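As a starting point, one isolated chain is supplied in structure tokens, in the form predicted alone.
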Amino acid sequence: MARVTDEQVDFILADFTKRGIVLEDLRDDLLDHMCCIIENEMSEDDNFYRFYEYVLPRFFKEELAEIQRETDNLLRFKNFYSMMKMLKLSGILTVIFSLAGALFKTMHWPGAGMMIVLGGFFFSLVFLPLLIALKMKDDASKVDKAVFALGFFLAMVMAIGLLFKLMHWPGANILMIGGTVSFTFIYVPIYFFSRYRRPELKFNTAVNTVLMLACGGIFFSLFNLSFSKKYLDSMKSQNLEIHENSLLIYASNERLLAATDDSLAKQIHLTTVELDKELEQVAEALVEDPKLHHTQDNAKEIKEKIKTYNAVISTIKDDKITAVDLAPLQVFDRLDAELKIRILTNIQQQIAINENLYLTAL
């Protein structure tokens, strides 16, 4: 059995240090392990240096310094490996839910909204925060840590804003505009000037800056994401035509009502007039100000009047006379002005036709 001399011990310690093992306790542990292997496996006829080079690869996969990095990670983050697993899992779930949600939304299949929400949740509230935490320990420079933390935080804000935009939730534009403006005009210059001066980072910094500015430009284009002008003009024309047809039917109903003393007909007419008046007021307000917000209160008032109207209509035994559907009003505040007006004009037309059907049946 061979014995390790003091000179050989000094050589091993120096080589460990040269290879990146700077933590004293770790270096001593590796030294003990190496000495045990040499004393147990090396014969007296073997060359020490050749045997040492033969045994050393057992300690690592690529380089000895990876032991130092893993030890640092364990010392700084007790849950480092759990965080790494969660980061990978959240990244995979983000890709799966985002792609599946986009596909389902394109094909108009059920469940698209839920998948998009889950994809946005995992990306902005799980993946990016974990990435920030792990990135904070990678860079020795405090400036780099602060810059990357700011960038990932703004990316979270932009991702949440995009999710809100896709789901038509309130506050989407505030999140997207605030995040995008801060990212493009504050973070990108900070990132560029803090790293471009370093020769080894010059090329990567320039490329990353161009990519980030391109992403900022794309997000700017999503602020007013809506229908095309041609489609909106077509909707306006159709809404006006539906409204004019409803007015003609209302005029016919007035003449028919004057020719009957039916009490139910008068009750239907009264509830129809009250509901139509509310619909007309909201529609006119939207025509005057298409960017009118907080119309959910109007939707609540309309729903109450529709419930009263439906209660009256339910007493009529005629399959052609149908109750007004309340479902479109549940998402009323999330829609564009022309879609809101379309819902209102459709209801106006429906209640006008219902009254006309009952009166003509008399």
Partner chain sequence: MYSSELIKGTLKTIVLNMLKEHGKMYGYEIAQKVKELTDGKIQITEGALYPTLHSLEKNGELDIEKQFLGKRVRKYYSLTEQGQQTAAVKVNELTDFINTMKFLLDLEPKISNG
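Residue numbers count along the first chain shown, from 1. Here, rigid core means the biggest group of C-alpha atoms that superpose within 1.5 Å across both forms. Everything quoted here is computed from the prediction, not taken from an experiment.
Here the subject shifts to the form predicted together with its partner chain, a form of this protein not shown in this document.
The shortest heavy atom separation between residue 71 and its partner chain in the predicted complex is within 4.5 Å. Proximity of residue 33 to its partner chain in the predicted complex falls within the 4.5 Å heavy atom cutoff. Mapping the unseen interface onto this chain, residue 317 falls outside it, with no heavy atom inside 4.5 Å of its partner chain in the predicted complex. In the predicted complex, its partner chain sits within 4.5 Å of a heavy atom belonging to residue 37. Residues placing heavy atoms within 4.5 Å of its partner chain in the predicted complex fall in a single listed stretch, namely 23 to 31, out of 330 to 338, 306 to 314, 45 to 53, 23 to 31. For the options 67, 321, 324, 299, the one in contact with its partner chain in the predicted complex, meaning a heavy atom within 4.5 Å, is 67.
The putative spot formed by 3, 6 and 41 is fully lined by its partner chain in the predicted complex; each residue has a non-hydrogen atom within 4.5 angstroms of it. Superposed on the core, the two forms barely differ at residue 306: its CA moves less than 2 Å between this form and the one not shown. After superposition on the rigid core, the Cα atom of residue 12 is displaced by 2 Å or more between this form and the one not shown. With a cut-off of 2 Å and the rigid core superposed, residue 21 has a Cα displacement that reaches or exceeds the cut-off between this form and the one not shown.
Note: residue 90-residue 67 Cα separation is 3 Å or more longer in the predicted complex than here.
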